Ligand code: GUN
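Have a look below at one chain only, the form predicted alone, in structure tokens format.
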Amino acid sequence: MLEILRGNLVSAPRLGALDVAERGYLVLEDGVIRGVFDKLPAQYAVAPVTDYGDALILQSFADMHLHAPQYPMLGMGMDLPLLDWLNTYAFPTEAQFADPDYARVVYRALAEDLIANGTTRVCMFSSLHTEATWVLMEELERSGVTGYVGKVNMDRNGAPGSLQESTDESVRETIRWLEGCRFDRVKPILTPRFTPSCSDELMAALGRLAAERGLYVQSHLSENVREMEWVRQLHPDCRRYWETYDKFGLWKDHTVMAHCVHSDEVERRAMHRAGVAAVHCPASNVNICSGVCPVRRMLREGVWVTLGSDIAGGDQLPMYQVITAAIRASKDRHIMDNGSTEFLTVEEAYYLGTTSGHRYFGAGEGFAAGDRLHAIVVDDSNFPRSGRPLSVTERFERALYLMGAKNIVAVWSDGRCVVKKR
């Protein structure tokens, strides 16, 4: 079925560039993009049109790193460094997800919050609980969020008795979880929490599963100086953090590594060479005092950089807030480097929070023909009035800084309109 959306279309076809079609037309066929046009081609003249008037039609967001069971503790423990924060807040909170009924309540609210704020694709950590992870995947799919979810693996350095598995249990439950994943739009991803929480035996077993079943992998990398020193103590044979994943077959194309704040040139080169995606989590890195990621340097070296909210180390779930946080963090880096590195522009940060993340799921650049539509419609009519008419590009910038869920009047995910307020 043909369907046409009309409005002010803005997408990011490449880093630093925008495609703008003012009062343009986006043609869909069965949810698949056929093209974006300034003027409607004659062959589509009889197709039904959903006219969003003067609203902005933007790409939806991809959140490439967040911890679903930490949603109840958003904004808590922000004065603690990473390892203290994990033990004081994160681990006790995640232990509560042994109760699937509790998980249902929390995960339904999280899924609704994500989709209402225009996040349609995720790469997400669950807890170590199998049933709760299925609940999370089900609630995401119900709401219209697509992507990857991982049952967390951790057989050491957790909270014994409440948030730590035995090695055998972790492997067994991971296999049981994988066998029970029968969802259409939310798929499994292997998730060793981070090197300190997984024994060599567990990491080796996960590496075998990744190879045997063709599964992607997500974890953490070089987030915090204390964490990195801990990793060196646990793996004295590895000169750098990334090697602790590589030696078990977990460092490969489409591996997702969150943070990478302190990844040196050698580690960054290994990421580029392997096709590993780095997830910059600006709010979390500042909140937990991990550092300011050298994003510009990564981009120049060809590293695949995406963005993540990293709730609840990050206190901002909406990805438009994460995008603007990334801009601010890059300006901090610019200042720290005495102006020698350029900060991220609005267009660049938008690309990282949309197209760069969507690529992980097989999408093209911007509103690419052949992709299933992932988009949001933003009504900016209640923003402060300007003393002059604004261009679509200026309105787009204001939308990233000023919008809230109330401004998002429609959300399209995987070719379906899953939120419709008018």
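Just count from 1 along the sequence shown to find any residue number. Fair warning: this is a prediction, and the values are worked out from it, not measured in the lab.
The same protein also has a form predicted in complex with ligand GUN, omitted here; what follows describes it.
Peer 1: Which among 155-163, 187-195, 334-342, 247-255 is in contact with ligand GUN in the predicted complex, heavy atoms within 4.5 angstroms?
Peer 2: Of the options, only 187-195 has residues within 4.5 Å of the partner.
Peer 1: In the predicted complex, which of the listed residues (71, 216, 85, 177) lies with a heavy atom within 4.5 Å of ligand GUN?
Peer 2: So the residue touching ligand GUN in the predicted complex, by this definition, is 85.
Peer 1: Report the residue, out of 288, 322, 132, 279, that has at least one non-hydrogen atom within 4.5 angstroms of ligand GUN in the predicted complex.
Peer 2: Here the answer is residue option 288.
Peer 1: Under a 4.5 Å heavy atom criterion, is residue 119 part of the interface with ligand GUN in the predicted complex?
Peer 2: No - in the predicted complex, heavy atoms of residue 119 and ligand GUN never come within 4.5 Å of each other.
Peer 1: Though only this chain appears here, would residue 284 touch ligand GUN in the predicted complex if you measure heavy atom gaps against 4.5 Å?
Peer 2: Residue 284: contacts ligand GUN in the predicted complex.
Peer 1: Please determine whether residue 151 contacts ligand GUN in the predicted complex, using a 4.5 Å cut-off between heavy atoms.
Peer 2: No - in the predicted complex, heavy atoms of residue 151 and ligand GUN never come within 4.5 Å of each other.
Peer 1: Consider residue 374 of the chain shown here, and say whether it contacts ligand GUN in the predicted complex, taking contact as heavy atoms within 4.5 Å.
Peer 2: It does not: once ligand GUN is placed as it appears in the predicted complex, residue 374 has no heavy atom within 4.5 Å of it.
Peer 1: Heavy atoms within 4.5 Å of ligand GUN in the predicted complex is the criterion; list the residues of 204-225 that meet it.
Peer 2: The stretch 204-225, when checked against ligand GUN in the predicted complex, contributes 220, 223 at the 4.5 Å heavy-atom cut-off.
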